[in-house]
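Okay, so here's just one chain, in structure tokens, the form predicted alone.
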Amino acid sequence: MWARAGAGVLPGFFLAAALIGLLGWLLPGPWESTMVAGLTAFFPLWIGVICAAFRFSSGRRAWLWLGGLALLALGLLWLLQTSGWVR
């Protein structure tokens, strides 16, 4: 149980932050205009990821999936920024 909770808290934090960042960058208009809405949506999304971590059958699976998804989302953010597609 604690391993799944830890997976929801730590990689889930980075996954939620990356998803909010992607949403803020992909919406039309400047990303600064989505900052308040993104901060407001971050905590419910993070809590949802923490709750979803308990759906995995083991803590190892939760860490692997949530960690992998967080790395993928953060990598996509990095790729978008370095390629110049978003500013």
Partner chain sequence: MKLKPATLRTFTTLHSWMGLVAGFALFVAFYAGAITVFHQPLQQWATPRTAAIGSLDDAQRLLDDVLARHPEAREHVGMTFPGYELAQPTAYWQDRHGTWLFATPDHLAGNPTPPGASLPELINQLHYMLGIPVAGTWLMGVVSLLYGIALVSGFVIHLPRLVKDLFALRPGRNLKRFWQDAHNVIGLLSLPFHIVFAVTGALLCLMFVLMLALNPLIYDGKLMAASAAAMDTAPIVQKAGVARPLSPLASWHARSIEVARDQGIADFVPGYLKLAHAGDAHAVVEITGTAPRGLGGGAVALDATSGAVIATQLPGARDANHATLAAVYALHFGDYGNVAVQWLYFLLGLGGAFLFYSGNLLWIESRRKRRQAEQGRSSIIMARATVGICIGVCVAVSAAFVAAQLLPWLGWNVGAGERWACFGSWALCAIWASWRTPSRAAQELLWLAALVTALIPLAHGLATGWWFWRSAAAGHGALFAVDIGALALAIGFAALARATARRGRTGGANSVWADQRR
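Please read all numbers here as calculations on a predicted model, not as lab measurements. Residue numbers count along the first chain shown, from 1.
Just so you know, the form predicted together with the partner chain exists too; it's not on screen, but the next bit is about it.
Practice item. Give a yes or no for Ser58: in the model of the complex, does one of its heavy atoms lie within 4.5 Å of a heavy atom belonging to the partner chain? Key: Judged by the heavy-atom cut-off of 4.5 Å, Ser58 is well away from the partner chain in the model of the complex.
Point to revise | Contact test in the model of the complex: Leu66 vs the partner chain, heavy atoms, 4.5 Å | key: Contact check for Leu66: no, nothing within 4.5 Å of the partner chain in the model of the complex.
Review point. Would Ala70 sit within 4.5 Å of the partner chain in the model of the complex, counting heavy atoms only?
Key: Looking in the model of the complex, residue contacts with the partner chain do not include Ala70, since no heavy atom lies within 4.5 Å.
Point to revise | the partner chain contact in the model of the complex: Gly21, any heavy atom under 4.5 Å | key: Heavy-atom contact with the partner chain at 4.5 Å: present for Gly21.
Review point. Taking Leu26, Leu76 and Trp85 as the candidate spot, are all three within 4.5 angstroms of the partner chain in the model of the complex by heavy atoms?
Key: Verified in the model of the complex; spot residues all out of contact, no.
Check your understanding: Across 42-58, which residues bring a heavy atom to within 4.5 Å of the partner chain in the model of the complex?
Key -> The stretch touches the partner through Phe42, Phe43, Pro44, Trp46, Ile47, Ile50, Cys51, Phe54, Arg55.
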